[in-house]
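Quick setup: one chain, the form predicted on its own, written in structure tokens, and binding and motion questions come after.
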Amino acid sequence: MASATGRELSNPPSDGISNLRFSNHSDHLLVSSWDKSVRLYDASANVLRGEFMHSGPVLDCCFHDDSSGFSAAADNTVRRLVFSSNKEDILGKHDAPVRCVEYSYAAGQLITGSWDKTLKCWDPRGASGQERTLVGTYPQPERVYSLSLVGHRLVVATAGRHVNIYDLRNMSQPEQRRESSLKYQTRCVRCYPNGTGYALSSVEGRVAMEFFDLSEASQTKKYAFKCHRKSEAGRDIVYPVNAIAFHPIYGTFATGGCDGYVNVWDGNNKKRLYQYSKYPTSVAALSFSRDGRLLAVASSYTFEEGPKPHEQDAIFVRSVNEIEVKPKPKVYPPPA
């Protein structure tokens, strides 16, 4: 049923939702969960199309195309999932849980990041067998927490607030090694759709807007802002910002936090455009559909306060109204 929070998908995962993503080709939605499953939904029709069970919690998933996808699991495996046959095969392994998976259309490669402090690139066209699919292993300064791609550029955020920026055409070393401008642990990194930089969020209610170009003119544009906070009895309560998703048409972006709110921001004009009504528990993940008409929201407790009674994990799909995501033109005062 559609409500202020959007339409709730039936047959949700039975444990924490680690990520969800819309396809680049349709309104299919791929969802990974701590219940050891990856689920494929048709978000428009509200139908569960497929389910893949793993031997451990699944920490991330992504599409290859509309017929297959990939998953990253706590059993150290990277898997390919074939939707038509509901079959899967193991592309390869890390030495610790695999936290992130991204498919690069530009490079035709799969990139995985693990708590074993490495990044691996895979060629999924290789025959089965790790030695034929593994392209390279690249050591990172710490455990990998978040990855994002735009074109040939890859941004890797790790523990210890490190950020490495790579060109996928030359992975021998990072193009840039940076430190997060935020003081606390990184939660999520997402590249701007226009390829000029990235947004990075932390556990301490902040988002940093960063630029790749190291010229002074570009670096003066960077800034950070506070969000997902509230004042209670004179003190600030600060929540982790778990998710960032850019709107594919307008380049505005949504953030989701442990306060249960989704906010939409216009980064260029440094303004909040919209706040959706509160979700039942923490917002764990967000994804816009390819045309920006739908926004998928994972309402799923992320255990930031340890084990405690919490709302059921749920996926809401909401129709996006242009007014919520379109930048407002700047209004200049009339000349005196």
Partner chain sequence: MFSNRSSGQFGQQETTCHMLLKELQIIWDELGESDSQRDAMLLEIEQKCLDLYRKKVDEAKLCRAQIQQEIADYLEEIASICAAMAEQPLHFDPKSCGSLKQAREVVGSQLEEMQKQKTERKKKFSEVLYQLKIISSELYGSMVVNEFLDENNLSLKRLEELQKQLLQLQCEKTNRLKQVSDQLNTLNSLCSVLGLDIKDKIFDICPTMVNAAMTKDVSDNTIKNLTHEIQSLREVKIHRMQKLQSLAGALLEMWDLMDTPLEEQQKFHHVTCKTAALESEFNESKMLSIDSVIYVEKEVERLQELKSTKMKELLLKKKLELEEICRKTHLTTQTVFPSQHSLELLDYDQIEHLITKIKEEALSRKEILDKVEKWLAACQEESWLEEYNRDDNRYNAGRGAHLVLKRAEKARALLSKIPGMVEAIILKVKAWEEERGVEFLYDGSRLISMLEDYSTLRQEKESERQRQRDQKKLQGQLTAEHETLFGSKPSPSSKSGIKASRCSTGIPSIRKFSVGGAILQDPRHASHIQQSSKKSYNTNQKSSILRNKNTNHSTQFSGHSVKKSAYSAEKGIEIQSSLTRKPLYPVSPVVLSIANISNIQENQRKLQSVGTQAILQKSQMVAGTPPSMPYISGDEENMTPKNMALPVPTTPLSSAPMLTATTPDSVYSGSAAASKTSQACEYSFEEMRAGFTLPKTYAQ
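Quantities reported herein were computed from a predicted structural model and do not represent experimental measurements. Residue numbers count along the first chain shown, from 1.
Note that the form predicted in complex with the partner chain isn't included here; everything after this is about it.
- Among Lys183, Lys87, Arg125, Arg169, the residue placing a heavy atom within 4.5 Å of the partner chain in the predicted complex is Lys183.
- Of the residues Arg190, Arg161, Lys120, Arg80, just one reaches the partner chain in the predicted complex with a heavy atom at 4.5 Å or closer; this is Arg161.
- Heavy atoms within 4.5 Å of the partner chain in the predicted complex are found in one stretch of 24-32, 39-47, 286-294, 268-276, which is 268-276.
- Contact check at 4.5 Å (heavy atoms) against the partner chain in the predicted complex: all three of Asp15, Asp116 and Tyr239 pass.
- Of the heavy atoms in Asp65, none are within 4.5 Å of the partner chain in the predicted complex.
- Although the partner is absent from this view, Phe246 stays clear of the partner chain in the predicted complex, with no non-hydrogen atom inside 4.5 angstroms.
- Within this chain, Tyr105 is remote from the site of the partner chain in the predicted complex, having no heavy atom within 4.5 Å.
- Although the partner is absent from this view, Asp75 stays clear of the partner chain in the predicted complex, with no non-hydrogen atom inside 4.5 angstroms.
- If you take 209-237 and check each residue for a heavy atom within 4.5 Å of the partner chain in the predicted complex, you get Asp213, Ser215, Lys222, Tyr223, Ala224, Phe225, Lys226, Arg229, Arg235, Asp236, Ile237, in sequence order.
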